[in-house]
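Just the one chain here, laid out as structure tokens, in the form predicted alone.
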Amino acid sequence: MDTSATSSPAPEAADTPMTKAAPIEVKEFENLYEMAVAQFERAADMTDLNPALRAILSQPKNEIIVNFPVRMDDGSTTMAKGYRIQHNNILGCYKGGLRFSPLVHLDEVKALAAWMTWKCALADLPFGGGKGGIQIDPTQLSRSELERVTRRFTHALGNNIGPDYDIPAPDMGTNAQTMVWMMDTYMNTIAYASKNVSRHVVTGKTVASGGSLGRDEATGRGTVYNIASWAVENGVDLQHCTVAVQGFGNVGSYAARILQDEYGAKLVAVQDHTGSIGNKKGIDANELAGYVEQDGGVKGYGKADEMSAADFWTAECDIFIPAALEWQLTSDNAPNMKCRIIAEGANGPTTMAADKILTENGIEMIPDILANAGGVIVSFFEWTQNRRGETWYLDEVRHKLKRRIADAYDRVTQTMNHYGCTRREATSIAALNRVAQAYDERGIFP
């Protein structure tokens, strides 16, 4: 998920118990975990989930909080707080990103870990869900301080991560270099002869250090493949479609570039943390990506007009891609949206109240656990390559990604038709059914 956004998540709230919620209640929740709870309860009610499984899946298996010292460049020592939430592993190892942000808090990471469980299940991956984070502002730290933070956090986690147990990956505020530092730290804590068979303790690494080709574009490309599946299903020619993107970091920029270069769609509006721009004649996504990399945001880009945030949310387009932070589409701006479909490149960008408004207004939705699953799918490819000692070509990675996205999209469509529900409900139901089937077949030990 990208780091750019126009608003911040709610401040830390007290731990929220995952108790049964009214399935049809729609409101603006106080924290992200409440929304994740409500989505789970809705799917559980619609599938008449076994009460025992409802109880098991209602809370993460493990909530790990570590406080650890970090030496700063000026010689002082500061204490950092880190989290690793392990939601469920019935389908395989815990899997999920690691974010560095001053906004990281327990309920946020719990919600993201739960969504990872459903995302991996929906994509038919042998993974469960996990998520981690550290309460720091990476923009205020030097490279050497970031390295020490990463290595100390990895050391503090100890055996709570592992290549066949819990596998972190990049997220907001972290990148491939962060993962290489984590990998190297972990490898230096195990037996010497086992080091090189432990590269898959993290994914999203640089290619030189065991990463996969295509990992940097994976989330954005997966979002586009979902849009392409929707276009085929609805007889839409993407060459005649216009696109607006909120957040022009990794996910948003790759999605815009791929839609433009490979499908002929036209980018007409972009918003990030620096401002909003638009051009009805089209914005060159590749040129804009280069500008953002150099200048740090879209503000000041000379080949598009500056626009207010209000105008951005009312910009006419066919495809809207929120690719920034959570809770960007709310009951305040949802009534003004003028698009045909929204593909959630970010995690949790739409509140449940906004989702209801969008549905009533006839705007279709490709939900986050389907739309942005490309990242974890290619992370699975990287993990597999490391385990096998293989390196796959880029076209092979893209082909395998496209097939898995298409399969997941079709699975959701079949679920929609069977239950007569929305696509968001169908994604949750399809994922929950896969997890529930594993529990039904394996039972509960002892």
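Just count from 1 along the sequence shown to find any residue number. All values reported here derive from a predicted model rather than from experimental measurement.
Below: the form predicted together with a small molecule, not depicted.
Asker: Verify the contact flag for residue 88: yes if a non-hydrogen atom of it lies within 4.5 Å of a non-hydrogen atom of the small molecule in the model of the complex, no if not.
Answerer: Heavy-atom contact with the small molecule at 4.5 Å: absent for residue 88.
Asker: Heavy atoms within 4.5 Å of the small molecule in the model of the complex: does residue 39 have any?
Answerer: Although the small molecule is absent here, residue 39 would stay clear of it in the model of the complex, with no heavy atoms inside 4.5 Å.
Asker: Going by a heavy atom distance of 4.5 Å, is residue 246 a contact of the small molecule in the model of the complex?
Answerer: So residue 246 does not count as contacting the small molecule.
Asker: Can residue 131 be called a contact residue for the small molecule in the model of the complex at 4.5 Å between heavy atoms?
Answerer: Output for residue 131 is yes: heavy atoms within 4.5 Å of the small molecule.
Asker: Taking 4.5 Å between heavy atoms as the contact cutoff, choose which of 227, 122, 259, 376 touches the small molecule in the model of the complex.
Answerer: It is 376.
Asker: Since exactly one of 250, 276, 347, 212 fits, which has a heavy atom within 4.5 Å of the small molecule in the model of the complex?
Answerer: The residue in contact is 347.
Asker: Thinking of the small molecule in the model of the complex, which stretch from 163 to 171, 71 to 79, 264 to 272, 326 to 334 has heavy atoms inside 4.5 Å of it?
Answerer: Within 4.5 Å of the partner lies stretch 163 to 171.
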